[in-house]
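One chain comes next, on its own, written as structure tokens: the form predicted alone.
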Amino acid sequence: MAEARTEQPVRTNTGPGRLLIAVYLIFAIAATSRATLQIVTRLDEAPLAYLLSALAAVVYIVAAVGLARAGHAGRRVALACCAVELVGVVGVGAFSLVRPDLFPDETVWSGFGSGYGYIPLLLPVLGLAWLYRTR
């Protein structure tokens, strides 16, 4: 007699999820470092751009933690962060093209993440896809 199989849901912090968490952590470190340096040394040159970089850094940190926690609360946090990140990179990317004077320096989300190889544009899509896949 065949046994009934119950499939365990895939956790967000296993398999490809570990790579996704690693990329989020790398971006968290990069964005935090760059935003901190820009805010401390040149905030008066482009306050909006540099503060948005700091926001991006916080989003990356919280998204990484949410994905790593892998429980119901972690999943909800990661989902919210990926959604905010996607809206942020598309919104800031478009705004930086319309008002380049406000973005004299590259930031994580300006130009749709062009300074970072467009990974900031791809990352929330991958995050949302992974959350969907592991639901």
Partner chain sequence: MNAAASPVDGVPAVAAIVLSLLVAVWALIATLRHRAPDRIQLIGLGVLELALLALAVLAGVALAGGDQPGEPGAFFGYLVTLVCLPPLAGVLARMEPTRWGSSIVCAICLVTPVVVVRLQQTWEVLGG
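These numbers were taken from a predicted model, which means no experiment stands behind them. Positions refer to the first chain, counted from 1.
Here the subject shifts to the form predicted together with its partner chain, a form of this protein not shown in this document.
Remark: residue 29 counts among the residues lining its partner chain in the model of the complex, judged by a heavy atom distance of 4.5 Å or less. Not displayed here, its partner chain is approached by residue 19 to within 4.5 Å at the level of heavy atoms in the model of the complex. Among heavy atoms of residue 97, none comes within 4.5 Å of its partner chain in the model of the complex. For the chain shown alone, residue 43 is not a contact residue for its partner chain in the model of the complex, no non-hydrogen atom being within 4.5 angstroms. Contact with its partner chain in the model of the complex, judged as any non-hydrogen atom within 4.5 angstroms, is confined among 70-78, 29-37, 54-62, 106-114 to 29-37.
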